[in-house]
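Next comes just one chain, in structure tokens: the form predicted on its own.
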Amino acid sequence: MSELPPITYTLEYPYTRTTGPVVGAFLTALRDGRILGSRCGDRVICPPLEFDPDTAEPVAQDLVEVGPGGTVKSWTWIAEPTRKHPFQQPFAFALIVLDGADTALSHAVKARGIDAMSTGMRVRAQWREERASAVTDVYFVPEADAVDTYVPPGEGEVELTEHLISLDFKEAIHPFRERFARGLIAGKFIGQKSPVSGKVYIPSKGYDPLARVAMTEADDVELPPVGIVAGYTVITPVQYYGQKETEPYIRASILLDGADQPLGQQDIKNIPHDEFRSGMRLRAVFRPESERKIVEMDNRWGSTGGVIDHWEPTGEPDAPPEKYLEHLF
């Protein structure tokens, strides 16, 4: 049995902030094809700051133009860019001291290859055709590859800036979670029965949280695809970044027969809201085997959305409240 690939998480959200007089002027200049630094004592700092980095004292808003040429003080080659990098081809991040500045600006250098990069090399700023009033409006190339372009000035001052904050990270899936996932692909619900308390957990965390004992593959049990609605919520979607739902739907916890823990976060979209109720007996209807896939699976929760097509009433009488009341939350 081959291992499932690592779990990839993406934490992402849009972020909007006001720029203030210094950052706003810096971003406005970038939009218009210029780079600004700020005078701080006998130094020129780029990018400009509103305070002295040595003393934290406020500095006068004395902005001066620097660059567009500069010298690379140090650099690192990015051989495998991610989707959030400024280029989707190998490039360098470099510390660049622009002409007229005394501090280094960290920025991207678009070079033909790693052999084109060296400490002490000269680079020159280039502006993108489509600019967003952001630091990514500009990038650098080796001076010999630079071209002069006309950058038409925009309108007004940049007072707001928007960024898509994103973090991707991975972790290996635990063996007990992998068995749960493979069970779903096979059309089965695989839980674990505690060797101490006898309680059955699905999806399991790999241990009995009450008896505080680890569980192994020998403790795996298969549960039937039928159970009781232990509780539910009618969700009216709030539109936010990444929201795909537009119509109200039900999210339910279903206590599978033989389980001591409900299977939570089950989406119900085919049963009228006014007919849905706690105590209902439901059956999982799996997607055709060729269409089953694991989505949003992690080591804390196991989504069934890519495997279960829907839940349907079994037609059996409702379960009495004492069967599910202790599982309400």
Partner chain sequence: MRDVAVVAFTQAKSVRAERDLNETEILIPVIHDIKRGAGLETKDIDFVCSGSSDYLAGQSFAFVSGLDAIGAWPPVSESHVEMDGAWALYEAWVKIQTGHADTALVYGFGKPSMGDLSRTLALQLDPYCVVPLWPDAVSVAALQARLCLEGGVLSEREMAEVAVRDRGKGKSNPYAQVTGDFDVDALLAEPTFVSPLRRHDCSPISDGASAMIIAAGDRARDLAERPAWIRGLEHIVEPQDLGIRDLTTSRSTQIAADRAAVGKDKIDVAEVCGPFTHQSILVERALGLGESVDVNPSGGALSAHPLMAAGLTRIGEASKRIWDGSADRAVAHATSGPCLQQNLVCVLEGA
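In this text the structure is predicted, and so the values were computed from the model without any measurement. Numbering follows the first chain given and starts at 1.
As for the form predicted in complex with the partner chain, it is not shown, yet the points below apply to it.
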Interface residue in the predicted bound form among Ala186, Ala144, Ile114, Val196, criterion: non-hydrogen atom within 4.5 angstroms of the partner chain: Ile114
Single option in Asp99, Glu171, Asp257, Glu217 placed near the partner chain in the predicted bound form, where near means a heavy atom within 4.5 Å: Glu171
Heavy atom of each of Trp75, His107 and Gly206 within 4.5 Å of the partner chain in the predicted bound form: yes
In the predicted bound form, Gln126 touching the partner chain (heavy atom, 4.5 Å): no
4.5 Å heavy atom contact, Pro86 and the partner chain in the predicted bound form: yes
Distance check, Ile45 to the partner chain in the predicted bound form, heavy atom within 4.5 Å: yes
Pro175, heavy atom within 4.5 angstroms of the partner chain in the predicted bound form: yes
Residues of 9-23 having any heavy atom within 4.5 Å of the partner chain in the predicted bound form, listed in sequence order: Tyr9, Leu11, Tyr13, Tyr15, Arg17, Thr18, Thr19, Val23
